[in-house]
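Below you'll find only one chain, the form predicted alone, shown as structure tokens.
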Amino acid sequence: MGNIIWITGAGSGIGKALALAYNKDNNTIILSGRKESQLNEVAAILKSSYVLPLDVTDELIIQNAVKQVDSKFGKVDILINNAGVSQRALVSETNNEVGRQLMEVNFFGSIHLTKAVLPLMQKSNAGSIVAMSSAAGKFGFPLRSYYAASKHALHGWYEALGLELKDTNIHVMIVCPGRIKTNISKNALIGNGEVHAEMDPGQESGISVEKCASAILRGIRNKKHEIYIGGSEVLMIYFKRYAPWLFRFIAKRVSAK
């Protein structure tokens, strides 16, 4: 029997690419997301899969889903928290409820699922937990205030979890993608909660989801704690850390699109 790999946000983009990348070695991919039709389309391509629709903002649904997985498989070898939603709106134009929604999906949805799956990994003293952050999880950027805040929060929580698990065989990794060619900007929320429905030029020219998925698999295999994926925009992470003045100089001049 291969690994049991649970991927949220698996119907498209990076999540779908990850499912296809793991489609080998007798692995079984648990595909989760809100759009069951998309999940079924991905499942039709895979050798072994299990479609499990999931709203990560609903704790009861999460608990029931984990019970279902435990009953059917008895374990989760790799959990990839990929579900997420971005933002394209000024702070002054973003409703508080929209901000809460971003936090519920990107932060609480991720950590609630991780907490629910953790006992399965602790039972076998093995597993990998992946948190999908963003380059915006390392620095703030215009039009992404709540998105950046939700991703910053992931770092604090998952770093703490990783240190708490230091004497176990459970591996925790945070992924910080930059511009990957997905529909994340199209699906981003504007200030009133409606969908942005536009492809950012920077996103359009980003690296492929296949290349991103390959880097994530490599990071999991090598038990990395944090990885950065993208093009030249990833340099902004290092500028923020080592030369904050340079980061601010560039950030003020780079298009937020």
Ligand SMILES: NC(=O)c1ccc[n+]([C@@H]2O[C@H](COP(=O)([O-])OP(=O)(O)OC[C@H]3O[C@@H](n4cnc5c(N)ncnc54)[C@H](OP(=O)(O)O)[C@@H]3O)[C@@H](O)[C@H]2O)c1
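Heads up: residue numbers just count along the shown sequence, starting at 1. Model, not experiment: these values are computed from the prediction.
Keep in mind that the form predicted together with the ligand is not shown, yet the notes after this line are about it.
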Is Gly84 close enough to the ligand in the predicted complex to count, meaning some heavy atom within 4.5 Å? yes
Under a 4.5 Å heavy atom criterion, is Thr57 part of the interface with the ligand in the predicted complex? yes
Within 4.5 Å, heavy atoms only: does Gly33 come near the ligand in the predicted complex? yes
Might Lys138 be said to contact the ligand in the predicted complex, defining contact as any heavy atom within 4.5 Å? no
Between Leu79, Met121, Ile174, Val105, only one gets a heavy atom within 4.5 angstroms of the ligand in the predicted complex; which residue is that? Val105
Identify which of Val117, Ile180, Val130, Ala89 has a heavy atom within 4.5 Å of the ligand in the predicted complex; exactly one of them does. Ile180
Only one of 34-42, 219-227, 66-74, 190-198 gets a heavy atom within 4.5 Å of the ligand in the predicted complex; which is it? 34-42
Heavy atom within 4.5 Å of the ligand in the predicted complex: which residues of 127-163 meet that condition, in order? Met132, Ser133, Ser134, Tyr147, Lys151
